[in-house]
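As structure tokens, the next two blocks hold two forms of the same chain, structure 1 and structure 2.
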Structure 1
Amino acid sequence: MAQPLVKKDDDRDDEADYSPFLGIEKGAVLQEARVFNDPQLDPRRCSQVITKLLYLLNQGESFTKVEATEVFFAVTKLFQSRDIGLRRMVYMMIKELSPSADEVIIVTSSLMKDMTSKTDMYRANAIRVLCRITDGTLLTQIERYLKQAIVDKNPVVASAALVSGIHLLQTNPEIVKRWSNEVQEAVQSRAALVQFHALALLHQIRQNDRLAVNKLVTSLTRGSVRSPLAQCLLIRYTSQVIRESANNTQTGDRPFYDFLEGCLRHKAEMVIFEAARAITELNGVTSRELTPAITVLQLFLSSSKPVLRFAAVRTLNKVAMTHPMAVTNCNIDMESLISDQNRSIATLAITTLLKTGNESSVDRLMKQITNFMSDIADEFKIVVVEAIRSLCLKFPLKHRSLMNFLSNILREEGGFEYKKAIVDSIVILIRDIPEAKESGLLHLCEFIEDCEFTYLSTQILHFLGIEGPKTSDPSKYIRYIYNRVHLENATVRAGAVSTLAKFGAMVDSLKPRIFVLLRRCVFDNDDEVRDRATLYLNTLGGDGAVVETGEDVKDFLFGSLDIPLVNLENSLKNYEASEEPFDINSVPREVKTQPLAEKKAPGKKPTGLGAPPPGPPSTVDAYEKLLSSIPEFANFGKLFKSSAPVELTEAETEYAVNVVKHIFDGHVVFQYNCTNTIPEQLLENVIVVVDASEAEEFAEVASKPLRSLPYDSPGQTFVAFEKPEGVPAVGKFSNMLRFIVKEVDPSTGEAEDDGVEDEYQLEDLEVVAADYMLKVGVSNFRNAWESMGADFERVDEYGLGPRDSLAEAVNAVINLLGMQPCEGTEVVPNNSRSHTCLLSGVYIGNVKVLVRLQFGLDGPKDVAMKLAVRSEDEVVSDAIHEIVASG
């Protein structure tokens, strides 16, 4: 039962009301539902019970089939009541119960009677319910009524029919598409809501026909839309047409731009804003096109309505990312918003000002932000911190005041994510602005003196170990680091020991003092701390004397592990103890596991004893085990890389075939994964005949046919080629699937004895330069680049010709080289005219390669690129340039 509202004691402070549904139980409500069967119905009581049932349904309470059926039949009896309020509750209940097909028949006649009623409220709701619960067969019977309802004079009825059409389009599109004429007529309605719903439905009907959408937009942009909501929809559809036509038009004029600009003078604020936002989001928008939109958004900034101020400042915030100069005219208005009562508006105003402000306004903004930061939540503070970081990178000379601001807020109260954002910002500034290094490191040292987050303390200690020894006076950081050994938990103490060891390795003059501190750590009560201290004391050597640390020790302390930990763990598990020591070079370096190598026909999955055996294993380790178990390939040596499966057939064909390219030092093995999708056939002696006439450096040396390929049971056939050892040979291979086909008796499942030879043409396959490159990322590209050295660096410039965008050029080069993008540099900001992309990988022969790509637009569409390569072998550096030059 729903408990009545309880009067609270006068001395209680909280004024929260109790929910009228508090303590409601399904069993009790189902008992109450018997009131629906009373001869004399009480509409008010029945409405209350339906309300409770609806509440239970919407809270996720599940009704059994029997319970739902009983409630449904009881509710249908309420159609005899003439109470309008109760009738509306009945409609809602039927919609929520979603009766089954055999139960729908019970209410269909009542609903169809209501649909032709003289009461408009009955008609509108009956249409909504019928369309929600009906199937295709009943829909054809009531289609005539629905068409009439679409053009009904009553806007409530017309809107109900149109909204129902939008829902039905998902399940019965062929029926709804026949209503185009009526919907077209409804678009001209004088009722605002009808026009809005009609336009939405008409666009959905035509959305897959680009020409029809273009005609619709063209006809409506001439001024026949009165409804502000419909006008907003039209603006969105117009933006879509502009985007799609941008690729096809060669002229400088943008179609429909005049319509969008005209909407900026509309009397409805929502239309003005929608048009302004659409203009700012146009691809390649120019400053001239932006100006009118920025002007109206500037007016909204001084509006008395918070929602308009918020909408305007959020849009300007996005524009500032790509066109900061266009937004500078609004800076004075946005400065007044810093003190806005709505903290969301104030935060957006601050971050926009930080993006658009000039060097002279930085100090003034910092003063305003200092007063503002204490009033906002952590999520807003994080946005401000990220904006300050961008500003500091933009104006490096202001790093002192901005760094001081970050260090001040770092000492204030705040959650983990907020503190992490500040620490990350300081770290980035230290890396990118050399003058900020020493002050930034000291700020971080002061922070870990009173840091409550273990993760941040260990991260800062690790960073100190990398950057601290390179400063002018490394000894001043030792005190802060050693304090952690006494005052922190075991995790932080272990991190502090590693950091001390790095100082000892890099700064020979500090080694004696570091030895003293590490010897004290040997008596720590945590075994990890003791083990690390003992390891580093033995590794550093020299017994604490001032001697130069060996390069192998520095590499051990500072070198990054370029092998995925999961792969290392699996290799250690598979290692069998023997006289031969474990070789870390044998660990696969692929970042990801391979996807499933076979392709199955959809919807045809036998189960039980007749189910096919599992497909081929999918990881690099499993591929290697599979290939080494085949005698023909056992002597090919260590597998370097296995590609992702490449489809050689189209979807839904008789035979599904894809291929995995296995790259060895002197061989390439093609693994063809085949699936027979015809139940009445058995394929035997399946082999792929490969023509390598367009791959001159390859010679076929072995093949392994597939003896039998039953229906929907994936199998593999292999072809191996020899190639020059260590050379990234490329070529094109044509493929023909040959087999003996035998008919299968569907009743017995047995195949005939005699078969017929047949063949099936497959798509061509290419071995490209990217197949000889492993995607292996590095955690810190800058450090890896510097430690690689410039001995084998090769730099050259290339013209990439006309491209659709800078992003398209970046993706093309990444795919050509097959390397791993680092630090998110594969993402190109919108409307950017230059971009730097960082790539890393391992070339065949286990040679580490790092690439720095600098792109720039040379003219309106032409892209120029500067390519810098560093590797462990000059031959490999030259090879990367050859790949780009020939690609």
Structure 2
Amino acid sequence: MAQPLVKKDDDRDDEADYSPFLGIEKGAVLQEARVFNDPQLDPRRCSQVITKLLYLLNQGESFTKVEATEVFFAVTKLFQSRDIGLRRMVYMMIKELSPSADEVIIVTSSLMKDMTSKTDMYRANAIRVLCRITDGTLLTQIERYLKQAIVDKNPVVASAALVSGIHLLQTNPEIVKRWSNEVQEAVQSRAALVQFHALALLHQIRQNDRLAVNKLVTSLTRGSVRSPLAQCLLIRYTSQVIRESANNTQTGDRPFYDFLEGCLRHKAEMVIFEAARAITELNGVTSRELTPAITVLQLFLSSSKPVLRFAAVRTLNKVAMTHPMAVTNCNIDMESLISDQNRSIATLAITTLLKTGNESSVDRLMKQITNFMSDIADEFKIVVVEAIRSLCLKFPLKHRSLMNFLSNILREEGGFEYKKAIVDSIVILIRDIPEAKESGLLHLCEFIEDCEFTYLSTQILHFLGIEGPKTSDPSKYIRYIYNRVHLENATVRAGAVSTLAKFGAMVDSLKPRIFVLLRRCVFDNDDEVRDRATLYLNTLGGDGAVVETGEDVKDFLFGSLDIPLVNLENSLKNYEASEEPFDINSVPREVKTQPLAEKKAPGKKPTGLGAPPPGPPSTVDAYEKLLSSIPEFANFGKLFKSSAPVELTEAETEYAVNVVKHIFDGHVVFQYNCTNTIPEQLLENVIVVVDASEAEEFAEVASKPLRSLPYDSPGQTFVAFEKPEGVPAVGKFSNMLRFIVKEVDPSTGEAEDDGVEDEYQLEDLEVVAADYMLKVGVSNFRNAWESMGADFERVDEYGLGPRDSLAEAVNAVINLLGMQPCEGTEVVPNNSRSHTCLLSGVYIGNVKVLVRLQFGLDGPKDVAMKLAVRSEDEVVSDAIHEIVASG
């Protein structure tokens, strides 16, 4: 079709913009579509018009219902023509128009005729079109032809039928499932793509039958799959089978590993990669299993094809998170990728190196990165900054060079998101690495001297106000802060005033000078700045006398607003100006649960209610925020650890409750996540009554009841205990849920006024030694072990008695200690008689602990264990032994 579709314009100076569709207009094309109705069809012309229509649709033009119907009816006339080219265009057009059910009937007979045609192209395409536009009723009529097509000699026809089957399975599973004999036959096809499509369909038909999938995989892995795509599918199915079988058998046997490993030697790159990736993603993969996969990925790293390099480095990057040691072999190849043309590859290489690097290589790496940073986009820089942050947390000793790096890039050009990532990183490092605090704060100070982002300036000023006064020489920050009052916009100025006031409140020696500065701010031209200055002058007693700052003033300055902003907003809206001043204490503090009516939105199945919801996001951050928002617990100090939720009720009971144990230095807080699964009930004043008679060292100090617990809106109630500071006290607690129950009319959602007091027995809860242990991994256990030294090493031997298997014994000890297994040593190879397991963790009081466990089979079932502990404190080393001895 070389003929231009539209006459070329006369002016030829715009040669580059020439297009056959120049000036095309929907109305005109629709007019042109009338040629479809000509008694003497001109196939060439009709094809051109269809192309134009498709062009319009492709450009995002839409047809109205009437237009679409008209075009559709006109197009159906074209079935008269026997021109294959035109017929192909007709098929495409019908698919694009996606006709409605009553329109489909018009073309059904034509398409069914084509389905049985002798021309392969007609059969294949007619099947695809018909299956795309048909509904279930028609399907039964054509089912016979489809079954035939699946085993058609022509691979194109067979593929068309199989792919259509895959699509139809979503809407009409019961029909497609009847084809499994034919599909099974097609799996054996000699045509590569047919095999691929047949395998995909067969697996989908059987996916809910685990045994059948297992059989399918078993028979096919013996090797009859030709197509690389089908082989990739088979690898995916195989890893699925491995995943599911791992849950059943604890023997550590990896049934299809040999198959996966064999695929690493396949001739198609996509298969090699698929297999390598599958191996790296195996649950609890051992370093021995990993090695061959890493080796092929390493080869890909030096490929000339960017896609291969990218695929390999992305996979290795993921592996580095869990098995950094396994990836270190690739470090040299990785380093050469830093200068890769493709910046995505370079960034992935850098972040992988940052994960696998050890302490000694940090400086060299930073040098390389510095050159690299200047020529990548912000989005990549953010990834690098985040990687550097975690590296710094891993190697706190290196904070100086890493912090320097961050401050250098902070000074360079960059957008908001990038700068924010850097500032966030510095703030986190200051929080977590005490030695980095002063230099970090100064870097931030320098940054706000020339910061174009108001948000970042105010955040930093706020942070300075909290951290600055606690440093050795607070006065050096004042200049930076006061400069803001001169140079910045009103928002930043107001922030600076607050920060100044905080310094004044905390550092008595600075007070007189702060007063001088604040008094100057009273003449600012912005009212917020003036108001704040005046307020602080008054609260701090700025009449010249240097007085001790009162507790409530400090509270006012440093305390966080513990009222949900939504509630405050509502209260302020409802407040009517009157003689009575607004009382902030009248604002409800509880986070409002959503009203019942909203919760019962359609589509939400009530079956999922049996199990309690996972509660608020289980990250430590979220818990920390939650707990510090509760005034009773605010003075407990820093949260050490939050356990995973422990279920206190059976599934499918009336009330579902689980508990999260929050460990503080001198306190323990139980957070009970409760869910009411009875639509006809509203619970009020929900509290858990805890009997701690079997936990002698604990004394209840506070509890926070839940005011109301409507149906299906999880809520939390808390109970706090005091315990001896720094001591890993253990004990058993029995729990009773107590509440007032009110009947609810499910149709209106209204609760009755009167309630009845009731109780509900929960299961017991234990605080165990593992609760005082944070799972913190180390990347190189040997190095860590050596550098810890043998000063506080404690070694002893234990008999663990008869056990089911070595693996079971290893798991039991790991769970008892609650420590992080390192370097994949938690996996016990099958049939081994002995095993060494390496564990690392941080014990309460922030004491690093490393454990080396050596297990051996002593007699047929008896397991003996040698336990070597190294830590920074001999008391802790002894404590670990005590845990094992008493466990």
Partner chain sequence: MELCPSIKNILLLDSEGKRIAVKYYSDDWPTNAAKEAFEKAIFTKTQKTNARTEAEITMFENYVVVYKFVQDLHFFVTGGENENEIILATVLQGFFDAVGILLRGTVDKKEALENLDLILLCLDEIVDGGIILETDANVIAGKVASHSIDAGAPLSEQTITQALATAREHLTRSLLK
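Between two forms, the rigid core is the largest collection of C-alphas that superpose within 1.5 Å. These numbers come from a predicted model, not from an experiment. Here, residue number means position along structure 1's sequence, counting from 1.
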{"item": "Pair member that is the form predicted in complex with its partner chain", "value": "2"}
{"item": "Rigid core superposition, M773 Cα moves 2 angstroms or more between structure 1 and structure 2", "value": "yes"}
{"item": "Core-aligned CA displacement of H662 at least 2 Å between structure 1 and structure 2", "value": "yes"}
{"item": "Large Cα move at Y477 between structure 1 and structure 2, threshold 2 Å, rigid core", "value": "no"}
{"item": "Core-aligned CA shift between structure 1 and structure 2 for L54 (Å)", "value": "2.7"}
{"item": "After superposing on the core, C-alpha shift for I24 between structure 1 and structure 2 in angstrom", "value": "4.1"}
